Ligand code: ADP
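Only one chain comes next, encoded as structure tokens, the form predicted alone.
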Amino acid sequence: MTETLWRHRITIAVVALLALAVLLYSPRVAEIHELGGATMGTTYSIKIVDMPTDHLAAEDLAQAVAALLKRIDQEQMSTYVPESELSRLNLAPVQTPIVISKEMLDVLTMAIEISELTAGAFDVTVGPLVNRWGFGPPVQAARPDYAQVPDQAEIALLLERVGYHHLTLDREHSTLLKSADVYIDLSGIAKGYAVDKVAEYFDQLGIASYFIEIGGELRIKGHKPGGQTWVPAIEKPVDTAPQVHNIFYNNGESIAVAGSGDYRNYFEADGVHYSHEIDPATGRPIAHNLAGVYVIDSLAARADAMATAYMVLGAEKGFELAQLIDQAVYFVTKRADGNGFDDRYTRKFESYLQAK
């Protein structure tokens, strides 16, 4: 994956570390083991408390994590690698069952479930529109007409290739059948899924406390040394140096966090702001006052996808859905006069705003 597609997610962990450096600093920091690297066109940063050194060296753990992430990205879910499983799926003929990996089956199953839950606000087949608007693979960006805003006729043609209902999964035989020439883009769920797989691996090793971050998607478990809570941050939705808008606490719980916003990855043409968040219903970038959204869930993949869905739905419809399904969600909206932001969060998110 290249950086262009993946940078649209909000880098929660990086902001938290920058803003809360004083809080994080203590003599006990030496007890936190850190590892990191590059993946999915972004970076990952992992902190582990009480690493199981009795049966696994730090170097071996780092190599195992790197190999796991490479497999998910390069071998399976990248649209930037021609040999990846996803690239091959996108080139596969329609009306032909295609055997897929367990990982791909799991991701697509969740993606379709969330598409149904959100009435299509989240849709992994929106890829053709993402690419045409300039937020996809660089090979698309090299086209002479790429910088131009597509007209309605072109958008209508691309919308014919969009629709999660064109995907049929057979879990018994682990196959995918496409009923149309769709282009699947997993950028709104794959990073979260990768975070979940790393967390699953750590849980199997018996690691009790960790902070996993890949391009802003998080899995947090347990406490920092000394019983202190982990303190992620909500980023102020401004296109400047990262600033903390608010903070929250995991209070020892095992949680997943993902955020999305329209203020980092965008372009402007003729004075119009075009966000990377594409509405699958209209084929156009979103145009409402929701600037950023943060989701807490048990799974980072679900939080990742739901954050995208809420951005597409907007503040009012998004909040109604979040309350209905009782999900912890924090919404940051732009004021009509352009002077600042307003916050709104669900009942379930409120409990994370206080340290316990």
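So that there is no doubt, residue numbering starts at 1 and follows the sequence shown. Note that the structure is predicted; figures quoted are calculated from it, not measured.
What follows is about the form predicted in complex with adenosine-5'-diphosphate (ADP), which we do not show.
The contact residue chosen from 235, 196, 277, 73 relative to adenosine-5'-diphosphate (ADP) in the predicted bound form is 277, the criterion being a non-hydrogen atom within 4.5 angstroms.
A single residue from the set 182, 212, 130, 104 has any heavy atom within 4.5 angstroms of adenosine-5'-diphosphate (ADP) in the predicted bound form; that residue is 130. Contact annotation: adenosine-5'-diphosphate (ADP) lies within 4.5 Å of heavy atoms from the stretch 301-309 in the predicted bound form, the single such stretch among 318-326, 301-309, 65-73, 43-51. Looking at residue 121, you'd find a heavy atom of it within 4.5 angstroms of adenosine-5'-diphosphate (ADP) in the predicted bound form. Remark: residue 187 counts among the residues lining adenosine-5'-diphosphate (ADP) in the predicted bound form, judged by a heavy atom distance of 4.5 Å or less. In the predicted bound form, adenosine-5'-diphosphate (ADP) stays beyond 4.5 Å of every heavy atom belonging to residue 257. At a distance threshold of 4.5 angstroms between non-hydrogen atoms, residue 219 is out of contact with adenosine-5'-diphosphate (ADP) in the predicted bound form.
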